[in-house]
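A lone chain, given as structure tokens: the form predicted alone.
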Amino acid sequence: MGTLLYPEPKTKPGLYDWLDERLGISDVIALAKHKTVPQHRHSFWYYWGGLSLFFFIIQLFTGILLLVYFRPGKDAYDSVRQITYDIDFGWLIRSVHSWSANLMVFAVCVHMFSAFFMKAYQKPREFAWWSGLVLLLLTLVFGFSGYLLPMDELSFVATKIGLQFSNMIPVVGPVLADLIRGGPQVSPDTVQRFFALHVVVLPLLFLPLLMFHLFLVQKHGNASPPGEESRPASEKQTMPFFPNFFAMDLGMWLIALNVITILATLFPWDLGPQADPLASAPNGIHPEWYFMPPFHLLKIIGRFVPGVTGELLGMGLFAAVLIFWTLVPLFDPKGKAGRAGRFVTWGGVLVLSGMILLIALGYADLGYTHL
């Protein structure tokens, strides 16, 4: 008798198999497992790029929630007052959004300086450096444009002072300032323009550039400090990106979430009196901490070189630092260590030390240290 052959029963695929067949999840995981991260005494600094991304995600999530109730223009202050005092947990969402904005700027700055001192701008990572630098500048514009939106007394006067930097640019400065303000003075029209910039223009610029930056990091991997780079291959240690480094990254995200929660609940973000364009500026007006270095440096220069000359000198110094920071990959190419490399490193030390010193002096000059 012949043997009857029965087809094997078809097993119903699970959700993972169903998704994997359509999205190729296993291929992504295999790629993540293949990727490795250098492991050395400076590996801690690798987590700051992920922390920057985490704070940006928090910004997106809380920003969407605030967008439901915020009304730009003449009703900006009333809508923020409603969010802060009338909407359930509105004060918490606003505080989380504001604190995460400051922490995002801090994380991006730490990430930039750690990449600088690890010489992660050298071949073949030049475009990762340049894209990261543009992301930092966009992050600062995010902070500046969002600062005005509550239209309270502090944000109104600080924005007026901040826009004076545009007036200092020769020839095009006043025209640019009027274009940003929507007129000769900061007004509800300025809030409308800043709102459009904050929630539409900047995300459209930031997100594609962020994807490009992450692609370059994936393509070239994490850079090692020069001391680790020169070690023999047999002495170099690495860890798999997935699941080892990924799990550590998530752990850092959890710590960051706890920090934001503590800050937002114990130190909720204030809402000052409504802005009055006719009132004089209150005492102690100052920009956010990340704009304090140029703000205080201009004050120092103005004491010795008052007037337009001092302003032009300050703007020229800012431009020189920005040009130096942009051209660092060309000043210090890979494989040509020497006087130029040491010059670039000490230049970075000078910039970092100057920023910290100017922030400290700026707040000391105001008579308090609360950031």
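Every value quoted in this text rests on a predicted model; they were computed, and no experiment measured them. Residue indices: 1-based, along the sequence shown.
A second form of this protein, the form predicted in complex with ligand HEM, is not displayed here; the remarks below concern that form.
Heavy atoms of residue 132 reach within 4.5 Å of ligand HEM in the model of the complex, making it an interface residue. Among residues of the shown chain, residue 63 is not one whose heavy atoms approach ligand HEM to within 4.5 Å in the model of the complex. Shown alone here, residue 50 lies within 4.5 Å of ligand HEM in the model of the complex, counting heavy atoms only. In the model of the complex, at least one heavy atom of residue 222 sits within 4.5 Å of a heavy atom of ligand HEM. Contact with ligand HEM in the model of the complex, judged by any heavy atom within 4.5 Å, is made by just one of 80, 112, 191, 96: 112.
Among 186, 101, 128, 151, the residue placing a heavy atom within 4.5 Å of ligand HEM in the model of the complex is 128. Contact with ligand HEM in the model of the complex, judged as any non-hydrogen atom within 4.5 angstroms, is confined among 84-92, 274-282, 287-295, 204-212 to 204-212.
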